[in-house]
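Given next are two forms of a protein chain, the same chain in both, each as C-alpha cells and marked structure 1 or structure 2.
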Structure 1
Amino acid sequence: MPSVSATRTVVSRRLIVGLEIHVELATRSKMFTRAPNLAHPENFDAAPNSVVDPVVLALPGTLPVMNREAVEMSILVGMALHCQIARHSKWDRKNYFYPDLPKGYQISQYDQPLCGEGSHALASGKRIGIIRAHLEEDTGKLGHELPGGLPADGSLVDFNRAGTPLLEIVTAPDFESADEVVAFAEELRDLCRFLGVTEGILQRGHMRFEPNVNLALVLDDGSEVRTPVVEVKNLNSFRAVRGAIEHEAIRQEAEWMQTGRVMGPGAKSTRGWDDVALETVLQREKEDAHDYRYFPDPDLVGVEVDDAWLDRLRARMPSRPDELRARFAGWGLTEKDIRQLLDDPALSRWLREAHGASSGTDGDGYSLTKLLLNNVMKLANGRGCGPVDLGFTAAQAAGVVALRQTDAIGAQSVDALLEAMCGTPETPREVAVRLGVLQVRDDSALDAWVEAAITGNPQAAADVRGGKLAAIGRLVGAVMKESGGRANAKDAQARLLERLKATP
C-alpha cells in the first residue's frame, strides 16, 4: 500500500533496466511460409500487400511450415550470446484480436524457447545476463493515412510485414545506466549484422527495443524502496532508447515522491515514447490484454536440436567484431580502413573468402584489403552493386593480388583486369593473357619500346641526361603507351636510365 512519507528523503538511487529486443531476421522468405520476407534487403520497398500469400493472410485452410534458415539464424545469435540451445523447443499460440494479426493469434514460443540462459560482455567488461531468446512471427502494419499523407476514412492494414521471422531476446535486469543499455544495443546490432542475420537498419524497423525500467531508491533511514517497473514499448533508435531511460529515471523518482507507490504485483505499466516532446507517455490499459490463452500450436511440430546440427552451425559462425578488429590491425591496416570494413559485414565476409584463397599472410591481407577498397569497390559502385555481385569470386580476386606480387601485371592494369573478370570463370592470369596486360619481360621488346619512347620525347630525354631525373616519369609513361601497358614499369625505368646515361 502506498506509504507517503513527507520526511523520507532519497539519499541515492540505482537505475535498474532489463531490455527486450526484437530482431527481424533477414531470411529470404517468411517464418512460416515462403512468401518473400519484407526484412530481406531485396524486398524492403515492396508495395503494400504485395509480399503476401494465402498463409500470410490466414485464408481458410492454410497451415504454417517452419523456415529452417530462421531457426538456424536464431541459434547462431544464441550461440554468440553464449546461450543454452534447447534440445527441444515447441510453438505456442498467443491469442488476441487486432487488425494487424491475421490469424487472431501469433505463433510464438511460450515455455520452451529455442535459446535459454546466456550472457554478453560489454566492451567495458561488464557482463549482461541473457534470460532467453525465442522465435515468433511479426505482425502486419496498421496505418492511418494513405500513401502521400492523404487522409483515410478509417485505418489501413498492410500485411507485408506479417509473418516476418522475429527473434525476441530478453536480458536480465543487469543494466545500471542508459549508457550501458545503448552500448549493449549497439553491440548486439553489430553482432547480428556480422552473423548476417539482419542488416540492422533501425529506421526500417529491423530491431526494436523495449526497456523495462525501475529505480532502487535508498532513503535516509537506510531502507531501500523500488519504484514500479515501467515497460517502454517499440523504441526504434538508440537516441530514443537513451532518451526514454533517462526520462524514466527522473520521472519515476518524482512520481514516487508524490505517490509512494512501490514495485509489486499489478503495479507494472506500459508507456510509449514521444520523440517530439521527448517524454514517455502512459498507454491506455487494455483490460484483457494479458489473457493470451497460450496453448501448444497443434499445426506445428517441435524443433529438436542435436549435436550434429550444433556442430554444423558452429562451423558457420563468422568472427566476432572484436576478433576481426584484432586481425585487421595485424594486417597493418589503418584505423580508417578497419572502420570501413567493420561497418559493412559484406566487406569482411568478402575478405575472409579472399584471404582464405591466398597464401594467407598478413601481407596478403593488406594487399587484398587495398584491392578491395580501392579497385573492387570502385568497380562495384560504378555498377551499383555489391562486390559479391560482380561476377567473380573473392577467391578469384585473390589471384589478382598474386599477379601483382610477382609483378606479372602492372598496377595500372588492375582495374581493366577486374572489369574483364566480371562474369567469367577464367583465372585472373588467363584473363590477363587474353587482355594482353600480362607484363612482357622480354629484353628485346623492351629495348624497342625504350628506343621509341626516347625518339618520341627528345626534350624529356635531354632533361634526364641533363640530370633532371623527374622527367623520367614522362618517358616511362611513353614506354607504357608504346607497349600497350605490357611493359613492366620498373624495368622500363631502369632500362631508360641505362640507355640515357649511355648515350651522350
Structure 2
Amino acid sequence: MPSVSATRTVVSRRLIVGLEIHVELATRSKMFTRAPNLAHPENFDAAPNSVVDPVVLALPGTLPVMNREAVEMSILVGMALHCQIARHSKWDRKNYFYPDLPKGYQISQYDQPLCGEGSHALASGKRIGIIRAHLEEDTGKLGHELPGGLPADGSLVDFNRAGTPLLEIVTAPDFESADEVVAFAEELRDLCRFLGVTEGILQRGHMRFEPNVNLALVLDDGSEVRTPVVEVKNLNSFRAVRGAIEHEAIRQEAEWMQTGRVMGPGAKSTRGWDDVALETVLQREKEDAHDYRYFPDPDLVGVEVDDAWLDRLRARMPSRPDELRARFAGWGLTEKDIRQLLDDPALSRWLREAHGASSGTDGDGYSLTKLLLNNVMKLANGRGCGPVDLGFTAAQAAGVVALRQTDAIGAQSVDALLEAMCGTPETPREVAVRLGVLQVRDDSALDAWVEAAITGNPQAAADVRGGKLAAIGRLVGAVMKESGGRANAKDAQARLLERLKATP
C-alpha cells in the first residue's frame, strides 16, 4: 500500500501546542489531611512512606477535610494569571486504577474549577490564553529500583507524595514554537515562586509540564489536515520540554506521511520522554473525560469565595516578576544580573528591602545590586549560608553603599566592613570607625602620607615625573598602606600628581 506521501505533498506546517502544568503547592500539610506535605522544605528529605496517615492511605472510615491555605495559594496564582475566580466551585472524584492511587480515585475539580479563563503575556508580548486552573491532590510515586540503584523484583510505591496539593494550569493551544513554551514555563515558574506558593524545584517534581502537541499541515491542493494530538507526560526540565516538542514536530509529520492518520475521536495518545535517546515513547491511548466517570465528591462541601476573602488575598499579592524585570532594567542591570535576581525570590526581596532603605534612586539600585551579587554573595558562600542569614540587615547593607557613595570608605574596605557587621546592631559607620577604615579628609595627614610614599618609592616617583603615569598606581598603593586604608584613593592620586607636577 503506498504511503500518503506518494500522492500528497506538505507545502507548509504549523506547530500547535497547549500546555498543562502541575504545580505542587508548598503548604505545610496535605490537601485533605494534616499529614506533612512532601513539597514543603521541612519534609524534602522524608524517608519513603513516612509522611502518610490513614486519610492518605484511604483506610476505612477516614474523611477528607479541605486545606484552606492550598485554596488561597491557588487563588493567588489565578489572580496573577488574570483568571476569573469562581465564587462557587466543587470537588469531584476522578476514577481510575493505578497502584500509586490508594483510593482508586483522585479528588479533583471537573466542571466547576476554582479558576476560570485568564491569560498571561510573555516577555515577547504574545498573550497566551489560560483555559482553567483547578485544584486537586497528587498521587504517590512508583519506583523500579532499590536504594542505591539496585534492581527490584517488582515495582515499589512511595505514598509520601500522595495527597500533596496540586494546582493544574491548562493553557489554550496558543503556542507556535518550543521557544514560546519554554519561555512560558520559565515565566510561570518565576511567578509561582514569587507568589510563595511553591519552591519550584523541577528536579523534585514541584512543577511538571505536559505539552499537548500536533501539527496543522497544508497540502499541495490547498487543504489542511491536523495530526492527532500527543500529550507528553511528566516533563520536569525545560530541556525536556523543548526536546519533546521539537521531536514530536518531526515525528508527527513523518507518521502522517506514512499513515495519513488525522485528529479525530479516540486519536489522542500519551507518550513519555526518553532523556537518553532524546525521543518520545508511546505509553497508551489517551482517555477522554467520560472514561474517568467524574461525579461530585459526597464527602466535601463546595468552596464559596466572597469579596472579603478576595480582598484579603489581593493584599497579599507581591510584585510580579515581569514588573520587577522592568524595574531592574531601569536600574541599568544586565540581563545576567536580572536573571539571577529573578531565579531567587529571596535575593530579590533582600535587594528591594535594601533599596527601600536607601535614597531610592536608580543609581542606588545599581550599586546595591553589585554589592549583593559580588561582596555579599561572596561572604555568604564562604560561610555556607544565604545573605539573609549573615547577621546584618538589608538596611545595614544600604548604609555600606551610602558610605561608598560619599567616599567615606574605600572599595578595598567593603569586604572587611561587611564581615565585621555580621551579628552586630551597629551602623556601618560605627563599624567603619571601629575598624579604622573610615577615610580621613585631613590635608596635613594626606600630605604626610604622600611624602612618605614618594620617599619610599623613588623610582615610581621619577617615572611619574618623566610622564610614565602608569606608575602612579604604585604610589597610590603606598599612600593607602601608609594611611592604613583611611586615605581617599582619588584624593591621594590628585595630590601625588600635583606634588610631582605631572599632568594626567
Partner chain sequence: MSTDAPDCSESLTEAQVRHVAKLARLAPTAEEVARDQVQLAAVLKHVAKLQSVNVSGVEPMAQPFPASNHLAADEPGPCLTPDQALANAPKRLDDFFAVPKVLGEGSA
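The structure presented is a predicted model; accordingly, all values stated were derived computationally and were not measured. What we label the rigid core is the largest C-alpha set whose atoms superpose within 1.5 Å from one form to the other. Counting starts at 1 with the first residue of structure 1 and goes up one by one along its sequence.
Undergrad: Between structure 1 and structure 2, which should be identified as the form predicted in complex with its partner chain?
TA: Structure 1, not 2.
Undergrad: L150: after superposing the rigid core, is there a C-alpha shift of 2 Å or more between structures 1 and 2?
TA: The answer is yes; the displacement is at least 2 Å.
Undergrad: Does E353 move its CA by 2 angstroms or more between structures 1 and 2 when the core is aligned?
TA: Yes, because once the rigid core is superposed, the C-alpha of E353 moves 2 Å or more between structures 1 and 2.
Undergrad: Give me the smaller rigid part's rotation between structures 1 and 2, in whole degrees, relative to the larger part.
TA: In whole degrees, the smaller rigid segment turns 22.
Undergrad: After lining up the core, report the Cα displacement of R327 between structures 1 and 2 in Å, one decimal place.
TA: So the C-alpha of this residue moves 3.8 Å.
Undergrad: In Å, how large is the CA movement of K481 between structures 1 and 2 relative to the superposed rigid core?
TA: In the core superposition between structures 1 and 2, the C-alpha of K481 moves 16.5 Å.
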